[in-house]
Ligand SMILES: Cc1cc2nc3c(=O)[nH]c(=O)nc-3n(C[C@H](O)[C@H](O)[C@H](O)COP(=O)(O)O)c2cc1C
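Below you'll find only one chain, the form predicted alone, shown as structure tokens.
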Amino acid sequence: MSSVLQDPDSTDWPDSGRWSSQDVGRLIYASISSVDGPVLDEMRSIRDHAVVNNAEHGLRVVLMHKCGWFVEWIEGPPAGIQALVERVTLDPRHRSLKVVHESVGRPRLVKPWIGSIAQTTESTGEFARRVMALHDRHVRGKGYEPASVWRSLCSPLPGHVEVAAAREGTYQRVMMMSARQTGVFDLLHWLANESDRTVVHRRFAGSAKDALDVESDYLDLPDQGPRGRRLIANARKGLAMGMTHAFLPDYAAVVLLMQPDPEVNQRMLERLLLACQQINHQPAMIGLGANAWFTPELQFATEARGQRWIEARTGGAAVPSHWRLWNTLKAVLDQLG
């Protein structure tokens, strides 16, 4: 993971505002990929056409490729969604389309298009079984909320569909960002090695040329907390990406791994707070670092936005080890519940 020299606070997209308060149609389907060649190149090709068409019809879309399947989440006017599904049904790049969710409700997506490719150790057959389980529940009218359906396919909790669904509401999700460089990714990989667990890698393609691709890793710790814990390391430029906004409401906390430079910390915190202002649920903000890196301005800025500020201090002024960072953070997360 390389450091980013410039991290955009926003993009030139005309739709970078808040979520609409109006209910929208919501549909998620899964289909078997027929793409022959590099998937990322194909996703970018899809993006170039989709951004224009989606904006024209008031649609917002997330497209995931995983295990040889496409998964697409669409929000917008029901008539526009129906027209899009009719078009994609004829697309030779995929087949065997299965609807796994359809409803009307509050929107989650704020960008016209976002694409993602997820690494996985799951087999194509295992993924197909989860698709069919969700499809069957949908047909029987016993489906889940759209964000839960999306996670069940694209970033599932440990266990089969029913087990994962039972843990959805209490699984503690924590987003982590570094004020500078790639510290949270390094911490996550160290923790995975220490706990003998696997980091899952994801790559998101921006929906415009001014938004670079973004990587995001996550690590599941199912034996921690009341019902399990997931740590999600996000790149700073991910704050300009629609998927970060879509799932912010589900985080118990956002961790800022700080630096000795107070201006860098303050700048990054402001960007996080700005992103959180777009959602109803306000996750706790946790500052993580050496004692000397904390300043009163961090707490003032957070509480002025109506959010909770928690300090996870590792002591002293020296750069803390991964062991000290994690043990300090874990104690805070355990208290957070």
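In case it trips you up, residue 1 is the first one in the sequence shown, and so on. The model shown is predicted, which means the values in this text are computed figures rather than measured ones.
The following text describes the form predicted in complex with the named molecule, which does not appear among the structures shown.
Judged by heavy atoms within 4.5 Å of the named molecule in the predicted bound form, the contact stretch among the candidates 291-299, 308-316, 266-274, 55-63 is 55-63. In the predicted bound form, at least one heavy atom of His94 sits within 4.5 Å of a heavy atom of the named molecule. Although the partner is absent here, His49 lies within 4.5 Å of the named molecule in the predicted bound form, judged by heavy atoms. The named molecule in the predicted bound form comes within 4.5 Å of no heavy atom belonging to Glu75. Residue contact check for Leu84: one or more of its heavy atoms lie within 4.5 Å of the named molecule in the predicted bound form. For the marked spot (Phe204, Ala233 and Phe247), a heavy atom within 4.5 Å of the named molecule in the predicted bound form is absent from each of the three residues. The contact residue chosen from Val88, Val99, Val200, Leu221 relative to the named molecule in the predicted bound form is Val88, the criterion being a non-hydrogen atom within 4.5 angstroms. Looking at 98-124, the one residue that comes within 4.5 Å of the named molecule in the predicted bound form, counting any heavy atom, is Trp113.
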